[in-house]
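For reference, the chain that follows is the form predicted on its own, supplied as structure tokens.
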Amino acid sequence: MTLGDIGVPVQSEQSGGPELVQLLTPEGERVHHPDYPLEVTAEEVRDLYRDLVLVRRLDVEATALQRQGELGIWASLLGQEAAQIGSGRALRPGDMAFPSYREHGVAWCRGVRPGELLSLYRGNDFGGWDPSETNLGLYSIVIGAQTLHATGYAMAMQRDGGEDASIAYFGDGASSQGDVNEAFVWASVFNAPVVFFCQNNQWAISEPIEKQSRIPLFQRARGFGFPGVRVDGNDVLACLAVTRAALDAARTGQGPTLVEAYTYRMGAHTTSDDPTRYRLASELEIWRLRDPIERVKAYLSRSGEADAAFFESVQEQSDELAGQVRSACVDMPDPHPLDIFTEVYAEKTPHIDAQRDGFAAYLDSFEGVQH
């Protein structure tokens, strides 16, 4: 079975479908693309496989923690690991990434620790990591707003004479938001060094991609005056190569690129969602055959670049990470009730101080409450 057999557009002038950049087939066969050459060592592919496995384990463990009442909600990345790890590993240290709320794989690549990632979903803070240290912005719950942030940041780097780029992550549903289209306009007109990375996972909660666009999403870029490319979002090597090329173009003054990573959300939109109410089980089973982790494993096995001992060691690391994720979550101290007021502005204001004093007085009315 090929991607074309399940309705995924592939590189074919005869079919009239848009080109899908692919470097590793679902069966684990290495192929080459004339516009996106990629030289990777066996060690680098093994490292990518390890990233994929560990990020999935983090995601699975977090989902379980939510079901057990330890997290308020969780947005799973199940099935989208290759898009995030491939693009995340294409970033240079000085590049700035602006995520939505599902980019746990990108956070992994930027060095965010499990506890820092989970604290937002546990309700302890607005995001536990420092963007200035990780070069990863805090998660954006407002759909599409981060594309404007990434564009503005890129324009600032441009004016400062920097040599880095920014990247904004968003989904197919967000592509219909005004903020995203406004970001496209500004990035294009000012030739900003930004990459727009759209993870087209086929579903904007319960709305299928057909409700977002009459044409492939990457083709929208043409109307704004910059290039777009569709990549197999379940192919970590292709995502790495395409994102690296787009970032290089941004850094060298060629302006923005829209990357559409064609993938699939194998889990629920969030743990509050029930996908069985709006999509068929048969659709999910078809996409299981395109699993991003299994194709890398197949490649490493058939090429002889990894043996059973390697895969066992990765599984052991996965089990160890699961324990770390769980401990980081359940051992997380509860925030002080009044701390919320210190996270609003960099400096105190009379208005916020008045609200803080009022809430403190309210807490005082309960016997035994410490603040």
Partner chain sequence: MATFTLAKALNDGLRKAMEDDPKVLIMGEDVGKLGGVFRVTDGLQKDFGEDRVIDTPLAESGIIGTAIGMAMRGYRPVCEIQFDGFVYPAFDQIVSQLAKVHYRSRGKIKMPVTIRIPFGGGIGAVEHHSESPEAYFAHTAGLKVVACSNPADAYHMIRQSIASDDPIIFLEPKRRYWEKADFDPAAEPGPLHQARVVRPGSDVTVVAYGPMVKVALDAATAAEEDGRHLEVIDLRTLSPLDSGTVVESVRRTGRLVVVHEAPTTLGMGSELAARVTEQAFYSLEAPVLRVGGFDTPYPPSRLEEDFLPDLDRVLDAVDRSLAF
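The structure displayed is predicted, hence computed values, not measured ones. Residue numbers count along the first chain shown, from 1.
The same protein also has a form predicted together with the partner chain, omitted here; what follows describes it.
Student: Which is the contacting stretch out of 298-306, 31-39, 66-74, 50-58, given heavy atoms within 4.5 Å of the partner chain in the predicted bound form?
Tutor: In short, 66-74.
Student: Quick one: from 137, 115, 173, 228, grab the residue that has a heavy atom within 4.5 Å of the partner chain in the predicted bound form.
Tutor: Looking at 137, 115, 173, 228 one by one, just 173 meets the 4.5 Å heavy-atom criterion.
Student: Quick one: from 288, 222, 211, 92, grab the residue that has a heavy atom within 4.5 Å of the partner chain in the predicted bound form.
Tutor: Among 288, 222, 211, 92, a heavy atom within 4.5 Å of the partner chain in the predicted bound form occurs only for 211.
Student: Is residue 143 one of the residues lying within 4.5 Å of the partner chain in the predicted bound form, judged by heavy atom distances?
Tutor: Because a heavy atom of residue 143 falls inside 4.5 Å of the partner chain in the predicted bound form, the answer is yes.
Student: I'd like to know if residue 130 sits close to the partner chain in the predicted bound form, meaning any non-hydrogen atom pair within 4.5 angstroms.
Tutor: No.
Student: Could you confirm whether residue 341 comes within 4.5 Å of the partner chain in the predicted bound form, counting heavy atoms only?
Tutor: Residue-level check for residue 341: yes, a contact with the partner chain.
Student: Indicate whether residue 284 is a 4.5 Å heavy atom neighbour of the partner chain in the predicted bound form.
Tutor: No, residue 284 is distant from the partner.
Student: Taking the partner chain as it sits in the predicted bound form, which residues of 192-218 have a non-hydrogen atom within 4.5 Å of it? Please list them.
Tutor: Heavy-atom contacts within 4.5 Å come from 204, 205, 206, 207, 211, 212.
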